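One protein chain, two forms: both are listed below as structure tokens, the first as structure 1 and the second as structure 2.
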Structure 1
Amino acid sequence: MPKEQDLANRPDNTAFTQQRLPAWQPILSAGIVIPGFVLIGLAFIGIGVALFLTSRSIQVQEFDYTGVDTTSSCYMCSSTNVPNCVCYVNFTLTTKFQGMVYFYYALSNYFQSHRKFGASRDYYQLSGDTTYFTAPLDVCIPFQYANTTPIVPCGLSANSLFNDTFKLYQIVNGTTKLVPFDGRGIAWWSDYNIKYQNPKVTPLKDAFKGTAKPVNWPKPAYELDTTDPSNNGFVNQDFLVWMRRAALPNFWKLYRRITDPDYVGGLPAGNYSIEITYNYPVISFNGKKRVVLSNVSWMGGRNPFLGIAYLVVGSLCIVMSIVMLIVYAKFKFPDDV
């Protein structure tokens, strides 16, 4: 006889609790699986073709300005320690750059994904907690203190902030015309509004009393953009773009957009010049620096991999359906006729 306690703990005698609900289990036959593979393969191939052709239609112009080549305008900047050295990259667009144009800087052989590089930052500082301004976390070592003064923001990630600057000029009939850049909204919304915050101190400079700027920075965080309080300190757009780590050693990071009414339809064909303030050293670790002009499509920037991946998977589905059809036709059971 079951004990009284066991009876009390027994589930109710219902179809749901006793798992007597009706169920459906598909029976996979050759007549279902083979056409299914064909349809999936055709769908993937169609999507892959659309993605690949769209990616090919995106216009991209890249220009190396590392300065390794002795004929480069940036050669003198790369071989000297002169701060704010200026060089130029001249180029010609043979066809119009359609739509909104995005201006990127690109780095090669730069491992932002390294574990120590990514961990070397104090998120309490970066969220505006002034308690950690005077006592940075140990993860920031060796950029935790400057002598005995705490560094804000501390760590490798912040200290290595990219500090080359760029200006784009259009050359029309021998005269140069500045192409205005728009630096608003280039960072992730979640970084700007949630992840990174300035201290609730006015003026912002007062929150940084008794602290030191990162070693490689020419100015402290509260002077990154003194003309716009919403783009200063830890919510500076360039700072946020840099602090979002790249997954691969060769990467682009968005520097500016071109949204000026004169260029709303894109960059017209013609001659252009990029003025580069060369500060960021990369030759010591065999790195390279480039500037990139690109437009985008409904699928984003140029990325042929996604289209190729769809084409490969779709083709494999078609091949597998043919193999299954051959096997079925040769080895099917008599009652399957």
Structure 2
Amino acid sequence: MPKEQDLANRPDNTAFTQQRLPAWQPILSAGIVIPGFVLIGLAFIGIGVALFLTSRSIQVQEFDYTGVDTTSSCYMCSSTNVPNCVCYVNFTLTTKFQGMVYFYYALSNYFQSHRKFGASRDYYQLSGDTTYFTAPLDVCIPFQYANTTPIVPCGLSANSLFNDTFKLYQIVNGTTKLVPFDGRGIAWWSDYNIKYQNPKVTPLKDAFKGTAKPVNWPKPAYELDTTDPSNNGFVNQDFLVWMRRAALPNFWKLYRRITDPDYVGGLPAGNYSIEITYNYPVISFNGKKRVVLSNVSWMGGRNPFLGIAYLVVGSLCIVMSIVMLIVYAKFKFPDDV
């Protein structure tokens, strides 16, 4: 045997250098794959049934009020250009609307997902940094300056703020009873508390000195909700809901919750009327406007897709496992002998 120093170049004998690291070497064998598919299939069918039933149990009432149809009460509002035009949607609940009821407005064919809606806003402004009040970011173009006055809040997103308003009335024995809406808690906690902030200036109005309101807005940001300072300016919840941009061209946005003690168990069966202040034009681009009443479950709102998808995938897994079993039996066993 050569001496130790003669082996100066001998590589180290470690599991790593010799590629002998202990390892788990799984194989997709029939014993794992087929039962695996069956298990996953069964689990998915289970989840699918649960989801499907849950989704079915969620009540949704949806009413189009775009006013394209001449019979619609909103036809007048949509065809003329009267500001604050009021129209009504009447409906009847045959059964009680269970649980807390959420009131949404929905837009379709509305491309809030367009890149510019996302880009065209100034986060510094919206987080209350007044230096950007006088000089909004360039991304806000073409709503950066109104002539030479800086726009606050600037940009496309803010400018296109949805400005229809709704009121819900219950018609009890021919008399209309306002169902009170709760406008709080409709925006994300993080948006309301962190992301959007008013400038630390009181009164708020002073911070907006020397700025212009967005072109489409009837009133400036500091007058969005004059009744409640905590819902005014950039932390106005309707504004926050709008600014959280929809991913797809058809979307719902939460308008109000019904938390009134009278309706805490839900909306009783009966006749209802929604009073709509119609401001937001959508007909020009074939958009649709709807109002939606819905309750929710542990899995959120009504969504038949997920349940069905789970059922389908689960069944496919079962079918596949059967196919694989047949193949395995047919081709594998003769080989093994």
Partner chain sequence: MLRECQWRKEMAEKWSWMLAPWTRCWSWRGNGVGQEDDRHVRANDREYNDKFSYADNHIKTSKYNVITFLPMNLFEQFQRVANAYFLVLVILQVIPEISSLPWVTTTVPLVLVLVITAVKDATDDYFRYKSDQQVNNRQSLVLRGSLQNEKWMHVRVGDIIKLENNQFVAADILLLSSSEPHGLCYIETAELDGETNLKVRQALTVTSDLDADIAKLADFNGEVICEPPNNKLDKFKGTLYWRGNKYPLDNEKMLLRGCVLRNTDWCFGMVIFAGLQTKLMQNCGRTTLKRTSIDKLMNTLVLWIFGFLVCMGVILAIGNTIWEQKVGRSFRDYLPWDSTISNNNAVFSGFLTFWSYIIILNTVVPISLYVSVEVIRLGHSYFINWDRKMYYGPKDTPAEARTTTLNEELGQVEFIFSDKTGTLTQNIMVFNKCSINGKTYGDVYDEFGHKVEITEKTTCVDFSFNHLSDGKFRFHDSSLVEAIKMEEPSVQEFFRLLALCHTVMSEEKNEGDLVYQAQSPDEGALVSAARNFGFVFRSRTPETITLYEMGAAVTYQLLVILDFSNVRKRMSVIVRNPAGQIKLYCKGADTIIFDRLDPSNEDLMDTTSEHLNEFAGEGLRTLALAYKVLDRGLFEEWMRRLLLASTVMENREEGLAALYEEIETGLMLLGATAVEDKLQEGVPETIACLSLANIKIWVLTGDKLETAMNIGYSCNMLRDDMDEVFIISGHTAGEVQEQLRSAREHILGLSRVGSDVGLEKTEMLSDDSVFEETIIAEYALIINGHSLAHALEPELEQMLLETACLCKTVICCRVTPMQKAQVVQLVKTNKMAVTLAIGDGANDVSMIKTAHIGVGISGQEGMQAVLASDYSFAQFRFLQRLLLVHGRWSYFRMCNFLFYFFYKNFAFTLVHFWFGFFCAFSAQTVYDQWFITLFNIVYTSLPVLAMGLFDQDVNEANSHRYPSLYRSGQLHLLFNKRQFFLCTFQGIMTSFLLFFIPYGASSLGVRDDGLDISDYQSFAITIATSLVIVVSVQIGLDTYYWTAVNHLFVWGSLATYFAILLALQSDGLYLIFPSQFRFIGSARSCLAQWSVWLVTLLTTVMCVMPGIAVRFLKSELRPTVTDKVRSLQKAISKQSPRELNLRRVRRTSSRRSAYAFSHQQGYGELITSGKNMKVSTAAPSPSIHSPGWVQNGTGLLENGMKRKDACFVPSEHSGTWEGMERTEQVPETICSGSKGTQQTLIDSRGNSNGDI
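Keep in mind it's a predicted model, so treat the numbers as computed, not measured. Residues are numbered by position in structure 1's sequence, first residue being 1. Here the rigid core means the biggest group of C-alpha atoms that line up within 1.5 Å when the two forms are laid on top of each other.
Between the two isolated copies of the chain, the form predicted in complex with the partner chain corresponds to structure 2. In the core-superposed comparison between structures 1 and 2, L28 has its Cα shifted by at least 2 Å. Its Cα shifted by 9.8 Å between structures 1 and 2, N13 is reported here after superposition on the rigid core.
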